[in-house]
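For reference, the chain that follows is the form predicted on its own, supplied as structure tokens.
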Amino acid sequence: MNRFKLEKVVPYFILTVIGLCFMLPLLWVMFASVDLNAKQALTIPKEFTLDNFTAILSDPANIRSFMIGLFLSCGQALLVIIVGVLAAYPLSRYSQKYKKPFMFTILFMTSLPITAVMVPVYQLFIFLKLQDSLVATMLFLTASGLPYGIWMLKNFMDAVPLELEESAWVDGASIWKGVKRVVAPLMIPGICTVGIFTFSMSWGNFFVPYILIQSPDKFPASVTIFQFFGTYGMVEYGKLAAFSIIYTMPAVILYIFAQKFMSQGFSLGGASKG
């Protein structure tokens, strides 16, 4: 094989191996979810059944955990967008003395692992008697998501021409009305992008709710998935796979509906940097 053919074959071989690494676990989840006798190995079920899904959806505890997960994730996404837009506006529109160091601080905070601050946060929750509070947990998740939310929204806001806002001011609009009726509608792709990222990160967050919430009946779906790992190594693989598929549905549905806005959002963010 000559050199040019080898250069074409090697990338396809590497991509195929990477694709199989992602496809095999996904196939196991799909087959195991419709198999009553699912095991750890990847096998095609002898008889397809929806009993695993029925068992998951008929359990009120599972429904409650999904609702709690939606409450935390939707609440965090909404708060990050509202506070992020309000914080990004002065950073985007006004010249400030310490603007650059502040932006670098925000960028640095986006790189901090949340596990590094969980011990003092847990002690603070105990001191304020906020442990086991879903609202307090949502507010902490919002605070942890704000640095990258502000950073991204500021870049999206930079792409909105200031002249449009100035025209609204000439027509008598206040700054708040200019943000609400001119800037925010033009930032919808960017707002959707930040909202989807925030929702996805919160929906899959296991560590924070596990530490800050004490009562099992308040656990979101990302934590209750461990109920299928029983004692003595016994795992209900079929129900675990069915739960996993249902668990991924909100993120998949949200991505499908917002895919168009996300692609526009990336273009908008790239244009602002160019």
Partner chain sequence: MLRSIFFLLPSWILLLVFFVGPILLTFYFSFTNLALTGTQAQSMEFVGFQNFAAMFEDPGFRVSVMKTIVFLFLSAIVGQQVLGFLLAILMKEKNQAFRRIIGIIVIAGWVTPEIVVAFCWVAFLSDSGTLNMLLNSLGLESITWLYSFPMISVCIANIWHGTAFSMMVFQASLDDVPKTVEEAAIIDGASKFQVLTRIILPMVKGSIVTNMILVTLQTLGVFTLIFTMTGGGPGTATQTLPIFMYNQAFVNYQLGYGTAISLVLLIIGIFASLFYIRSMKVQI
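The structure displayed is predicted, hence computed values, not measured ones. Positions refer to the first chain, counted from 1.
Beyond what is shown, the protein has a form predicted in complex with the partner chain; the following relates to that form.
(message) I need to confirm a contact call. Of 34, 213, 225, 68, which residue comes within 4.5 Å of the partner chain in the predicted bound form, counting heavy atoms only?
(response) If I apply the 4.5 Å criterion carefully, the residue I get is 225.
(message) Can you tell me if residue 244 lies within 4.5 angstroms of the partner chain in the predicted bound form, counting non-hydrogen atoms only?
(response) Result yes; residue 244 sits at the interface with the partner chain in the predicted bound form.
(message) I'd like to check something about residue 185: if you look in the predicted bound form, is any of its heavy atoms closer than or equal to 4.5 Å to a heavy atom of the partner chain?
(response) Close contact is absent here: in the predicted bound form, residue 185 is far from the partner chain, nothing within 4.5 Å, heavy atoms only.
(request) State yes or no: in the predicted bound form, is some non-hydrogen atom of residue 257 no more than 4.5 angstroms from a non-hydrogen atom of the partner chain? (result) Flag for residue 257 set to no.
(message) Quick check on residue 49: any heavy atom within 4.5 Å of the partner chain in the predicted bound form?
(response) Contact with the partner chain, no.
(message) For the stretch 204-221, I need every residue with any heavy atom inside 4.5 Å of the partner chain in the predicted bound form, listed N to C.
(response) Residues within 4.5 Å: 204, 206, 207, 210, 211.
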